[in-house]
Ligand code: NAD
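As structure tokens, one chain now follows by itself in the form predicted on its own.
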């Protein structure tokens, strides 16, 4: 039998090796030893470590381990280049980004081969996915650079950006971060992962070739200490990090109180939901891509298979048969499906997790076949017979391991999908588009793919919910992550709150009866758990009234009530608007009473503040059905619907000044977007808000949507920050307390806004628009394919 006939009979794949000669020649030209790229120059190599080929274990090059002094030099270079770079027109910056995109295309094969040698992913993935997307990001952001002033008219770049990227998509993550940063006018210091620095160093050469001004892009290589030096450097204005959740939490703590911009794209445990009406064969092919793409070393990998019980047996049987055809081997072989894991330490970590899962009752299936004799290889694995509490279900494995469970109803599928601390991505397979589009908004994830998976594009934002981080990369929202309001530079320290000394007197000397101001939790007036009250004094120290002194239990009750009311988010925006209008109407009806209360507490005429509060409620009632998403058109047969969604339960700690407006200006945008609120009003003048619950009760606000807990602002803010049932927290107060709030929020990586001791004049009309609307929401991109 001749060879061709034999191939048709056996259908075996022969080797199809990609040549590494040009990549090796490039490494040899550098004597396989690299320094940093700082201020447009290559530094001499310092203390180095080896960058190895994970498929062979052979050393590719020696990489310099960056020091604090290296980072400092890079920051100085970036700072020096910022003025000139940001002063260029958008067209001029766009030309540089365009030139980078063209250069990446010209050298695409070199980039792809070098990436595969350094990372271990199959050459088909590097060549056909990663490198084309790198060029796409620079092309896309070249356009953003030119149109920035039209689309973001009141925004300016942060300045110097520190960017730290992982090893699973070395060059693509570089493009995700550098392209929007440069388009916005920032300069950057980028640290590639210690395992995979080579394509970042080749990219530095591209920057040289296109004549990018010195200092605009600086590449500093190194291990963990180099990244720590970047995040802690006082001269860096914005940190963007992609990596593990634990490191992300550490960065959140380090940057707390600094005022630095922060974007975190962290871990995931993404559900892959297959309904009984799905095209099973297509769903299985999608699943192969979802979990075994890049050996499962993908933060958004579809690592949790949820399959409807009625088709579970048939689906698992077909899946195992498909797994038998997956080819594991040399990543430079174009016929290989699964390449090498990044390093021996990752292989051992995955094996240890598997042992734990099996000890807890899991059953593991691996197809037959031998692995290569050397290198960091693992077989694809399917894990069954697990409960939601099993280690392999709960923990991010970051390897070629799929965990399967079943469900009976769509409601159960949603519960299982959301039963995770992560919220990066999800996949839904169903031929019933009504069902798919009903489920997608219920999944707590930043990206949802319908009848497809692992779709990415520069025009569509990517990022997570919950402990998968915050901020977006790509799209309009990714562009805005590298910009800040121009007026923030003019903020001045807030004046210290004046605390009057109490004067002796008989509270019954007043002509009215003694009043008890309770808290407002779950639609009911509530006494404080502590049994203590706080005196409310006017400017002269005279007792105006008393309020409950809230504690941890009161906050817990309020958060539980707010979580029980999260259906507010699914209330039609028009209805939410009507309720806010009704609130404004009822507050306006009692304007004299509220004005008098403000005057009694502060000594100032309260009429203007009440009028501004009514106006602010009106403004955000108007926004409720207008601040919405968009439909993106990526370059494939699909649309991506960018849905604006609320954060969830928001804790809001109002400023000490403006006792009514200070709270209304913050809760109104949160409510308009569908959040529920736990409000801590001004500690000095809380009576305006304890009066407000009477307005709330007559304005059709559902129980639990607004909860009011009075007491010490700082201690209650700490409790809110530490509470894992709180999804977002706004705090207006001094710098020290703001730092505390941001650090305490790391427990579940809730999104925060703090005033950091600066004076935000909430009467200013700039705060009746998208400034707080954007902070009260997050974007979910739902990918919907079309065509027969």
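Positions refer to the first chain, counted from 1. All of these numbers come straight from a predicted model, not from anything done at the bench.
Keep in mind that the form predicted in complex with the ligand is missing from the display, and what follows is about it.
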Per-stretch contact check against the ligand in the predicted complex, the hit in 607-615, 350-358, 701-709, 190-198 (non-hydrogen atom, 4.5 angstroms): 190-198
Proximity of residue 118 to the ligand in the predicted complex, heavy atoms at 4.5 Å: no
The ligand contact in the predicted complex: residue 111, any heavy atom under 4.5 Å: no
Residue contact check: residue 168 to the ligand in the predicted complex, 4.5 Å heavy atom: yes
is_contact(residue 380, the ligand) in the predicted complex, heavy atom dist at most 4.5 Å: no
Selected contact from 715, 557, 228, 694, since only one has a non-hydrogen atom within 4.5 angstroms of the ligand in the predicted complex: 228
Among the candidates 465, 398, 82, 594, the residue which, in the predicted complex, approaches the ligand to within 4.5 Å (heavy atoms): 398
Stretch 265-293 - residues with a heavy atom within 4.5 Å of the ligand in the predicted complex: 265, 266, 267, 268
